[in-house]
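A lone chain, given as structure tokens: the form predicted on its own.
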């Protein structure tokens, strides 16, 4: 893939100061990914982050109101990056079946670092999305945050794939439920593969999670 240096747009309501505007801000994002992956969201604090970046807690608070907003920022960044890959990967592909297969590969297969963003480790960020992202979604603030547009990109991804499903089979009744279940289910199955491998039908010849959801979607819409 050609290396593209992109500026992924994130809602300014998620931060107090845009972390992309300074090297320190990028370091905060980079090191927070490493720490959340290492410690978990519960164990992660701005105090620990400030020590990691050799700065002060007050400096981190200039960028993010709290760790919940930082986690939302990382979640939105991740899904914006996934949408970029979907647009790039399906561009100029005429057959909807082929576009859907490519799109399903992108949202269900293991993530590899693409080096387009030097301060973001996409592999670790994907691990965080698998293990931690539900902790910022299943909260009392979800409706308010949704109204502010924090989940717009995720919904755009669901709509994008749902449109392909409807293109293949206009009579299929549940395209959005099918796609959202596939995205969330693939994350859950990745978690199970790491911690409850007996629940996974492993295969030496193929990625079982991606293959399962590809079969599930195509069998549903055929």
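Because the structure is predicted, anything quoted here is derived from the model rather than measured. Residue numbers count along the first chain shown, from 1.
Although not depicted, the form predicted in complex with the DNA is the subject of the following passage.
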4.5 angstroms heavy atom contact with the DNA in the model of the complex for residue 171: no
Residue 62 within 4.5 Å of the DNA in the model of the complex, heavy atoms: yes
Partner contact for residue 17 in the model of the complex: the DNA, 4.5 angstroms, heavy atom: yes
is_contact(residue 57, the DNA) in the model of the complex, heavy atom dist at most 4.5 Å: yes
Residue stretch of 47-55, 173-181, 187-195, 156-164 approaching the DNA in the model of the complex, non-hydrogen atom distance within 4.5 Å: 47-55
Stretch 16-40: residues contacting the DNA in the model of the complex, 4.5 Å heavy atom cut-off: 17, 22, 24
